[in-house]
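Shown next as structure tokens: one chain only, the form predicted on its own.
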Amino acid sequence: MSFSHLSPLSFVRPAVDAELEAFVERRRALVLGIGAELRPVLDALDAMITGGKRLRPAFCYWGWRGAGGGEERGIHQAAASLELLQACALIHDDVIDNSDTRRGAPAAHRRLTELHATSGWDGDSASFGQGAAVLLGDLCLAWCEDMYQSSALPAAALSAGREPFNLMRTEVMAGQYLDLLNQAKGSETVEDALRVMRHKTAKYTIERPMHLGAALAGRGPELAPVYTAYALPLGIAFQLRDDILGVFGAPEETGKPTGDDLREGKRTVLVAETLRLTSRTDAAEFRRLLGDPKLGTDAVDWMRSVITTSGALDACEERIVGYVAEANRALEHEALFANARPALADLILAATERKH
């Protein structure tokens, strides 16, 4: 079967979207049967899962195809279940970071804060919004499990996929905590930032979804090392691009205000390289400004200039080039089914040459 007329993301997305919509619609009646008051919570979920790149389902699907899997009934639902895990992670991440927006729209906790404020209910609106968003994230985590287990794949395949599926959920939570810890400790090392990248992004976004696809196709142990060699460098390159966009990306493309990562004080490789490479005076001022939620345009522009003139931006771009080359080399492995190689190569470009 040829996939040349579609990008690997475009090829997967319609089926993933359909599975998500059908699953959430089935659960909607159950939730609304508990109470009509839950409708705004479901509306917040709809807003969250409507957007997104569908990277995790795509890597799962192409991991399946690279292992020799076909168009068996159930693979798209199993892959789509990862979008509910992603929704959980993003909803909780926005609460942790106190973010205002997600994909150009109000973050779930902001949406639910507004519900409380406009309804004239008792108590603090922000606390209500945060608490409701945490519960919504927990619901997505539970539904992720339900969606995976209820897919039409054989029980033996779902059992084989259980290990990477479970590891993925554990590692993303651990990576999120390490990220939170780095910010609390004011970590400034590239090594600490890379450790977060490996667990919060590389393993979660690419490696484990691909391991899951291979396991569902019955070739998990054989292909796991091959997929790891591809996924970990690509996942780090993906996050490096994300960190660059978080500082330099255009708001109309990223869906977030310019320099939002600087206001949130994210301890990225880009920040670590800046503090390592810039002058002592500029480093001290950069540290003072990093994490100030009230950073104005002038301060953000100054910090961006320091990142550029110090050579940190170039250093991160060079890292991306190196990691991309590493991922491409992994695709030469003879164990991969040839028809999946072009799609996996295209996914390298989609993950690293993007504007949002």
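Because the structure is predicted, anything quoted here is derived from the model rather than measured. Residue positions are given as counts along the sequence shown, with the first one as 1.
What comes next is about the form predicted in complex with another copy of the chain, which is not displayed.
Participant: Is it the case in the model of the complex that Thr274, Asp314 and Arg329 each bring at least one heavy atom within 4.5 Å of another copy of the chain?
Facilitator: The answer is no; none of Thr274, Asp314 and Arg329 reaches another copy of the chain.
Participant: Looking at the partner-bound form in the model of the complex, is Thr101 within 4.5 Å of another copy of the chain by any heavy atom?
Facilitator: Thr101: no, not in contact with another copy of the chain in the model of the complex.
Participant: In the model of the complex, is there a heavy atom of another copy of the chain that lies within 4.5 Å of any heavy atom of Ala174, even though the partner is absent here?
Facilitator: Judged by the heavy-atom cut-off of 4.5 Å, Ala174 is in contact with another copy of the chain in the model of the complex.
Participant: Quick one: is Met197 in contact with another copy of the chain in the model of the complex, heavy atoms, 4.5 Å cut-off?
Facilitator: Flag for Met197 set to no.
Participant: How about Leu115 - does it come within 4.5 Å of another copy of the chain in the model of the complex, if we only consider non-hydrogen atoms?
Facilitator: Yes, Leu115 sits close enough to another copy of the chain in the model of the complex that at least one of its heavy atoms falls within 4.5 Å.
Participant: With another copy of the chain left out of view, choose which of Leu141, Leu153, Leu232, Leu245 has a non-hydrogen atom within 4.5 angstroms of it in the model of the complex.
Facilitator: After the contact test, the surviving option is Leu141.
Participant: Using a 4.5 Å heavy atom cut-off, which residue among Ile49, Leu38, Leu295, Leu55 comes into contact with another copy of the chain in the model of the complex?
Facilitator: So the residue touching another copy of the chain in the model of the complex, by this definition, is Leu38.
Participant: Just one of 248-256, 214-222, 128-136, 235-243 has residues with a heavy atom within 4.5 Å of another copy of the chain in the model of the complex, so point it out.
Facilitator: Of the stretches listed, the one contacting the partner is 128-136.
Participant: For a quick check, can you give me the residues of 294-308 that have a heavy atom within 4.5 Å of another copy of the chain in the model of the complex?
Facilitator: Contacts from 294-308: none.
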